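Next up: a single chain in structure tokens, the form predicted on its own.
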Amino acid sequence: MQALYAQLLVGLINGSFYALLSLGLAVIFGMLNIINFAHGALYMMGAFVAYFLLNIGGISYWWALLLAPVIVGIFGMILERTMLQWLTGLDHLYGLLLTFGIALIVQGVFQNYFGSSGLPYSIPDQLRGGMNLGFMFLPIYRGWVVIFSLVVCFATWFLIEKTRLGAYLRAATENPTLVRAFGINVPRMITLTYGLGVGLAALAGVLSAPINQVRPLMGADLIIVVFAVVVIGGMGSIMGSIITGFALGVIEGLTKYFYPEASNTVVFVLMVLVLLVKPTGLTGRAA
């Protein structure tokens, strides 16, 4: 049973990263209609920014949780202003190809300078050690990742779905001409939305750094699975991405316990089954 609980914990950890990354993808696609294939590379950049802040600037993990998403978010906003804004109104394939090219360039640059091996990032002192729950030993840092990810995910959902700012964002996507008539700067809102989605990816990278080490290809390992999560939850669905991300992480963990050979494919099998039954995803709506 301890092995089962350990795999459930691993599943929750992976689900936390799936949820944060798919949430950022859902925000970008739902608000901007851009399939952001650079998301994995920006997740990797978040981990590297945290690594640089600690080893060059002496800035702790806690500050990196705030600074890394802001720095990578600004980088994302520059990308949106200089490249992605010109794709407005074009087929989704153009955005996919452009962001795929950006991902290859970013990953290639980091791999050229840092190689493919992982760089260590230490767990902060406050989160070292673990707790004996009786039925399993829970590392404190891994419990923190799950709880913090849940808080961030639902805070983002509340911001977009339940606040006036979120209403402006949704309106700017659906009817930008009308929103401009009310004196709202639509291009700026679009840029900030892309920065928010990218910042969520960078935040996931910071959380992942002490667990998975900092590697140039860490995003490439996850991005395909995260896209599958978004498709299953429903393209552009905020809540669908959160629920599906955590659920698929747990399912993946259970599969590793009961049938390890299928653990790498179970997500894609579920994606095929969902698309056969409901092509818009579990919580997606038809266009």
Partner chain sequence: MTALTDDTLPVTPRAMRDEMILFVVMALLLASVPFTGVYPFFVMQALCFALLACAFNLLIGYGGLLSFGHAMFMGTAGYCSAHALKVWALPPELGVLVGIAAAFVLSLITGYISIRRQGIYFSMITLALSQLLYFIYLQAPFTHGEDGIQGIPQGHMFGVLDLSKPTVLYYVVLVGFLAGFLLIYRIINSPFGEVLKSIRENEPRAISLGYRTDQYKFLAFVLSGTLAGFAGALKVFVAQNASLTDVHWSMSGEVVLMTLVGGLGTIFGPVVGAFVIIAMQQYLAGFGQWVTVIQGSIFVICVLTFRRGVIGEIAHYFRRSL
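Residue numbers count along the first chain shown, from 1. Remember, predicted model here, so these are calculated numbers, not experimental data.
What comes next is about the form predicted together with the partner chain, which does not appear here.
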- Task: Identify whether the partner chain in the predicted complex is within 4.5 Å of every residue in the set F37, V231 and T265, based on non-hydrogen atoms.
- Result: yes
- Partner proximity in the predicted complex: M45 to the partner chain, non-hydrogen atom cutoff 4.5 Å: no
- Message: Residue-level question: is W86 within 4.5 Å of the partner chain in the predicted complex, judged on heavy atoms?
- Response: yes
- Evaluate Q213 for contact with the partner chain in the predicted complex, applying a 4.5 angstroms cut-off between non-hydrogen atoms, and reply yes or no. no
- Message: in the predicted complex, is there a heavy atom of the partner chain that lies within 4.5 Å of any heavy atom of S60, even though the partner is absent here?
- Response: no
- Message: Exactly one residue in N112, S117, T177, S122 has a non-hydrogen atom within 4.5 Å of the partner chain in the predicted complex; which is it?
- Response: N112
- Message: Quick check on this chain: which one of I190, V152, I160, L98 has a heavy atom within 4.5 Å of the partner chain in the predicted complex?
- Response: L98
- Item | Contact segment among 240 to 248, 48 to 56, 63 to 71, 216 to 224, judged by heavy atoms lying within 4.5 Å of the partner chain in the predicted complex | 216 to 224
- Heavy atom contacts to the partner chain in the predicted complex at 4.5 Å, residues of 264 to 283 in sequence order: N264, T265, F268, V269, M271, V272, L275, L276, P279, T280, G281
